[in-house]
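As a starting point, one isolated chain is supplied in structure tokens, in the form predicted on its own.
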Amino acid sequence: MIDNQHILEICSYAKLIPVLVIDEVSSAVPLAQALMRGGLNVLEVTLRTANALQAIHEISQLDDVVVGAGTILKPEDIEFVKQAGAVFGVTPGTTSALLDSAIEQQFSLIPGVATVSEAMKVNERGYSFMKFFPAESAGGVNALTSFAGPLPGIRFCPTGGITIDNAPSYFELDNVICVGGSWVAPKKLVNCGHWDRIETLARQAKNAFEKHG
């Protein structure tokens, strides 16, 4: 069974989900704490590094944080991230095998789509909330505006090319619940341990998007 309500609750609460690339496990907790101090408590750790699963585990031990896993590509990834402590997952694109695995394991998934046809296929499987990726390259606000007419029951989290400057235009759309972005925790700042700067970026984003809550 697909718990669309659980996914919507997570994303409605978040507004902005930081997309995190963590090379060193030692960076995981201080990074999460910096983002939380800035007001961002829903985090996506991408499976793009060797230490991603351990980073998810470390972050999941913190109080008042909701940690998910991004860049899920294979059905077995779902089992791994669930065991690591992720409470939701995000895919860049969608396959039947990924959906089957998520449904079988009762794991909250945000499937990635880029076209109306892809969204329709995912919706047929029972999903009403999806990641729109790569947002800016796939048409951005104009594309999602066009999606709204034929797909009135589907909501999106645009990710890919989202910044603090263009995010507000997405929030003007009724079919956008939240956005995903990496600008609040760029890899260079993470690797250098500039937690205060990341906290500032998180707070700026949180304050900028509060009016869209």
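So that there is no doubt, residue numbering starts at 1 and follows the sequence shown. Everything numeric in this text was worked out from a predicted model, so none of it was measured.
The same protein has a further form, the form predicted together with a small molecule, not shown here; the description that follows concerns it.
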So, in the model of the complex, is Gly160 in contact with the small molecule at a 4.5 angstroms heavy atom limit? yes
4.5 Å heavy atom contact, Phe133 and the small molecule in the model of the complex: yes
Taking the shortest heavy atom distance, is Gly181 within 4.5 Å of the small molecule in the model of the complex? yes
Quick one: does Val19 come within 4.5 Å of the small molecule in the model of the complex, counting heavy atoms only? yes
Counting only non-hydrogen atoms, choose the one of 79-87, 125-133, 102-110, 139-147 that falls within 4.5 Å of the small molecule in the model of the complex. 125-133
